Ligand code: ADP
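Take a look at this single chain, the form predicted alone, given in structure tokens.
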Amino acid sequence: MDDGNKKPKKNGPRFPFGGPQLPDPKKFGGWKFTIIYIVILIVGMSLFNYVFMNRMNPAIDFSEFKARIASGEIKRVELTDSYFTGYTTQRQLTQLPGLRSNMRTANVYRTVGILTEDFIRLLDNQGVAYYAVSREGSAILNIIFSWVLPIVIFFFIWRFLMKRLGNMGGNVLSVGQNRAVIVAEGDIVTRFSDVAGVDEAKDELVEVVDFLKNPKKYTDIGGKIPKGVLLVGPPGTGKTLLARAVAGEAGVAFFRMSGADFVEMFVGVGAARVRDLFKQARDKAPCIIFIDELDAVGKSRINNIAGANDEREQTLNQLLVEMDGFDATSGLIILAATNRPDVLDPALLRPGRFDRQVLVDRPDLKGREAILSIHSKAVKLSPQVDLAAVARLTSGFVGADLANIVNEAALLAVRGGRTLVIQKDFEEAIEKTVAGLQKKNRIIKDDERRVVAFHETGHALIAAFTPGSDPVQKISIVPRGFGALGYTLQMPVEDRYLMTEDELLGKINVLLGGRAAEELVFDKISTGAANDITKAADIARRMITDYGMSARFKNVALTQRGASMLGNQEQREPQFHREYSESTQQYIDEEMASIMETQYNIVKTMLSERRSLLDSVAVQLLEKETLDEHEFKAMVDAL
């Protein structure tokens, strides 16, 4: 992204491939840590060389040793129990730069000798200085430098390697320690005022905060606060944020850990970490333990194959025991979050453990507006920005999606060279989130552009003339995302929680409108409707199998999946096994084909009756590439 205001580069040396790369001190355990071991290794090797290398001169015959004494070459003899060592001084023959010419060096000769009176007499006659040396101290040094020093060096090298492994999570000596992120009392600045759109969940958690602040008020009357509170909701709705707000309001220590952090490759590690976590939490009580993604460790043991994952079961068993083992009046509260409550073990959900479940659902219209207000506090908005209108355009979005939209709008404003975020930036951010990134440089042939234009116009016209359908917000033939050559953006006016059979059939009609327009205008169909057909067929299948909207199986649910409690229907897990007979499957296939054929004929009839409007809107779309809500509505009303 280039906004034309790049900072000038500082003058300095230029290096290929990004310049010289220095090692990261954190990656290598710290420079200080590394230098210490290098110094120790150098000192040890120097002492080793000093003690041993100076004594590693080759031994000569005793007769030759005496001959060198007799010739006057050896001037000093050192006598030990093992060796006789002779030292002699000779003039330096080679002149080296910076050294004096009269510098002398000593040659050393060793031999295994025999101490006799004749040898002593030879030394006295030649005037050789001789003396005896005791090797008791040398034996100790020999043990130290031969055994102790290498062991010490290898010990420090081992510690260095273990520290490196520990930084990567592979230290085998600390696998039993929990990996919880501990936030001290008062360090959490999140409050309930920072959370919006989940007022019912906040009301449930206020009681938890009040217990941590005033436990005597509950204990005096004999009441007990729930030991565990399970936050349940789709991804991105603010479960973790709510847990931090509880800790911030209560002003107590906060232990945060993911469910996946308990499970390791070593058997028994997860259970040990659970014990260590609760031990530390009891020492810091009152406090809050927050386990994110509880389903990673708390999956049901009922359908688990024996021995399939014994480590996870041991971890779950230890968690259940620890939750039973602490006193409810100790000020220790366990919060957990999951978006898959259906897979949790029933023992976790019974009274006495996670006995209070708080639903953190998708925000409604007012909740989305409040969330947008919180996230846009630090963003410079134009006075014309209507956050209520943005909230209406974002039906079904969660808090994380709304935060991303505010950030995208700010980035788009900077890209456009503006100092304030305008309404158009929010609309473009929503389109970018829903339809994907705009591909302005993609070249499409003219005949394909015509097919795309009529295809998207077909969607829009069916949506405009289908009762109960969401209004068309924008029609575009500008490619977006992965393979989308165009799109028709529909935004609901209000939040919907129920849909009738006619409304489901209307959604199928809108999805089939693009292919019907192609066949009506060009007398042939293309692959552009592949995604539309998939969605339409899925709606028709659910009408028969899940909603009991078929003539043969009226009011009968053929599957056990039912409606998804969390998230949209499209986010459910796929069904990998059939729960009905082959004949029922044949009926479902035939009924689906019948529904699709009937609705497709209805859509073709609707477009045939409005062929002139179809052509005019498509031509206008080819010319402008994008039609907004007002332009499209004006053309429809003019019919």
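Not measured: the values here are computed from a predicted model. Don't overthink the numbering: it's just position in the shown sequence, from 1.
Below: the form predicted together with this ligand, not depicted.
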Among 228-236, 210-218, 521-529, 405-413, the region lying within 4.5 Å of this ligand in the predicted bound form by heavy atom distance
228-236
Please identify the residue among V556, A400, V321, A260 with any heavy atom within 4.5 Å of this ligand in the predicted bound form.
A400
One residue of A517, L461, I291, V198 in contact with this ligand, assessed in the predicted bound form (non-hydrogen atom, 4.5 angstroms)
V198
When the contact criterion is heavy atoms within 4.5 Å, does N317 count as touching this ligand in the predicted bound form?
no
Flag K507 as yes or no: does it have a non-hydrogen atom within 4.5 angstroms of any non-hydrogen atom of this ligand in the predicted bound form?
no
Just checking whether Q280 would be counted as a contact of this ligand in the predicted bound form - the rule being heavy atoms within 4.5 angstroms.
no
So in the predicted bound form, does any heavy atom of D194 sit within 4.5 Å of this ligand?
yes
Note that this ligand is not shown here; using its position in the predicted bound form, name the residues of 332-364 with a heavy atom within 4.5 Å of it, in sequence order.
none
